[in-house]
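This document opens with one chain alone, in structure tokens, the form predicted on its own.
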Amino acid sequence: MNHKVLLYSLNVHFGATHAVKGVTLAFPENSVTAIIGPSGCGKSTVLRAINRMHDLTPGARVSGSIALDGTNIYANNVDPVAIRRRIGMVFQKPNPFPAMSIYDNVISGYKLNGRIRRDDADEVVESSLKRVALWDEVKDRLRANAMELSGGQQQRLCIARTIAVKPEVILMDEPCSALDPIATMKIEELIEELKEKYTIIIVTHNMQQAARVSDVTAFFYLGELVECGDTPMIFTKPEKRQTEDYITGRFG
């Protein structure tokens, strides 16, 4: 199995706090990897390291390496903006650009990177919204403000915005925690479809969700990777006692 992203001896410090400690972990291509663990265990910190978001955090230091298709994304000659185009991010709370229409939200990545022809833009908007099963719901009001959409629709719009620029990897940081069960189900179905084209890494507090959507599960505790394996194995026969205690609800 090809590994799209490989963390090797990854450490993240915030000032004196050692948030992620020597993590080595491979993420297989065209699959969903769930990162689980109690609050404060380093899950989101790892996720943000993968698209160089800590570059924007004062006092943050990242060491070790993260390879994307074999190239270290922290090498001196690598442009972080180019990395963020290849590695998209979907956040916990839906965050459409509030002053923009649905249409402009989807193509905003192109506008940041230069001009896009109108015909091309129309095609990108339609294909991206179709991929997230939102086209039929919004095709007659593409010029409406994106904030008029429901929470679940806004989150699918944010995913459409992410895939519009054709990334290779999609990071999702608790993408359903602000959504109701029906919207959550739609996002989970979408994740299942998207992995045919993308490598997906999802941080979730929801154990049932991790079991439903992921192929591989990694369990973190206190900044360290405790265990990683095929999701059915992690949830039924974990090797480490700590993993079993967390999954069965003894702590966390």
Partner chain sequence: MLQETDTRRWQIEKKLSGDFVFKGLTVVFAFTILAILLLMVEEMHRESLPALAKFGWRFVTGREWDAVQSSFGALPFIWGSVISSVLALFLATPLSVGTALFITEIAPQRFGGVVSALVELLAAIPSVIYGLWGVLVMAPWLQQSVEPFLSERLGFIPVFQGTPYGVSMLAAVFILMIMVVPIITAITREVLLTVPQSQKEAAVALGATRWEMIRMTVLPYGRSGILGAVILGLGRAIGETMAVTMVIGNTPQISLSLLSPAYTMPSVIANEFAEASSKLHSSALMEIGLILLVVTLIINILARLLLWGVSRQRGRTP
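Residue numbers count along the first chain shown, from 1. Keep in mind that this is a model prediction, so the values were computed, not measured.
Below, we refer to the form predicted in complex with the partner chain, which is not included among the displayed structures.
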Of 191-199, 33-41, 214-222, 48-56, the segment with heavy atoms within 4.5 Å of the partner chain in the predicted complex is residues 48-56
Of Ala178, Ala121, Leu142, Val165, the only residue with a heavy atom within 4.5 Å of the partner chain in the predicted complex is Val165
With the partner omitted here, the residue among Ser127, Ser101, Asn95, Asn72 that in the predicted complex has a heavy atom within 4.5 Å of the partner chain is Asn95
- Taking the shortest heavy atom distance, is Val78 within 4.5 Å of the partner chain in the predicted complex? no
Even though the partner isn't displayed, in the predicted complex is Gly152 close enough to the partner chain, meaning a heavy atom within 4.5 Å? no
Contact test in the predicted complex: Arg156 vs the partner chain, heavy atoms, 4.5 Å: no
Worksheet item: Quick one: does Arg84 come within 4.5 Å of the partner chain in the predicted complex, counting heavy atoms only?
Response: yes
On the criterion of a non-hydrogen atom at 4.5 angstroms or closer, are Gly109, Met147 and Arg161 all touching the partner chain in the predicted complex? yes
